[in-house]
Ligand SMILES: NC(=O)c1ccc[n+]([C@@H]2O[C@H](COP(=O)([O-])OP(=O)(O)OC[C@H]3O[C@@H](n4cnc5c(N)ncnc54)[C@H](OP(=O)(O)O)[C@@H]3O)[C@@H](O)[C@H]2O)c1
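Here's a solo chain for you in structure tokens, the form predicted on its own.
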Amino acid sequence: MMKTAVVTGASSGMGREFVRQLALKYSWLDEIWVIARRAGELEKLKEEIREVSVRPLPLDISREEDLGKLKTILGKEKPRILFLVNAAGMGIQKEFARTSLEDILMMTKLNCTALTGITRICLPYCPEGSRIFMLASAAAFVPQPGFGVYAASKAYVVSFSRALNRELKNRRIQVTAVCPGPVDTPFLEKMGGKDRMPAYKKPFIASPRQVVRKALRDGARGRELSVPGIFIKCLKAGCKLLPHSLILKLMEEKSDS
């Protein structure tokens, strides 16, 4: 059976970096299936990757019809999915009342519903020893005014990932939620770029290469959370120890300064 990796959100950012590093580190894979809406970018990625054969699947995973297409392809080819990377996502840095209904629904659909659907569709093809990576965020650790829907959607990803990891323990399938702070990708620009980012976050922008390298290492070590960087680790610990009301107050003060 074909040894495969499946990566969503593969046309740019974290998804694209996962494809690069999977190809370099696991060149014995038969194929990497790359999923995103932009067919042209997927074709460019196919030309870029030399170590492993790349199969572009231009799908919009927020649409049930396209999820159905993926399910049909899997049913026909029955690959062994050794790596599943749910990297597709959307974020809007804006107050809830100023965000359009369309954007709110698309954010929750892509970050939560589509991620869950892709996982369910692919799981029957994941053999023992497979690894699943869910792209969450440090925003999941605490509510974030002005970023509320995104932070809540990523809290869902972390909760779902940790529960699923325990459910799949007997099958020896590792689920790892990846929880970086801000990452220097096109995703950051879509949210308004560094200029709109709160000042306290700017010194902690990470490179996608570092985040993905650590995620793959943490997955191999059986860790259910991958938290890159000392600052983000401290943030995670602080969010456990301090009342969220105090953290929210500190965040507001930092944003105003």
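From a predicted model like this one, the values you see are computed outputs, not experimental measurements. The first residue of the sequence shown is number 1, and the count goes up from there.
In what follows, reference is made to the form predicted in complex with the named molecule, a form of this protein that is not presented.
- For the named molecule in the model of the complex, the listed stretch (74-82, 163-171, 122-130, 87-95) containing residues with heavy atoms inside 4.5 Å is 87-95.
- A heavy atom within 4.5 Å of the named molecule in the model of the complex is found for exactly one of 224, 60, 43, 30: 60.
- The listed set 38, 55, 69, 213 contains one residue whose heavy atoms approach the named molecule in the model of the complex to within 4.5 Å, identified as 38.
- Using a 4.5 angstroms threshold between heavy atoms, residue 145 stays clear of the named molecule in the model of the complex.
- In the model of the complex, the named molecule lies within 4.5 Å of some heavy atom of residue 12.
- Not displayed here, the named molecule is approached by residue 110 to within 4.5 Å at the level of heavy atoms in the model of the complex.
- When contacts are judged by a 4.5 Å heavy atom cut-off, residue 117 does not count as touching the named molecule in the model of the complex.
- If you take 128-163 and check each residue for a heavy atom within 4.5 Å of the named molecule in the model of the complex, you get 135, 136, 137, 150, 154, in sequence order.
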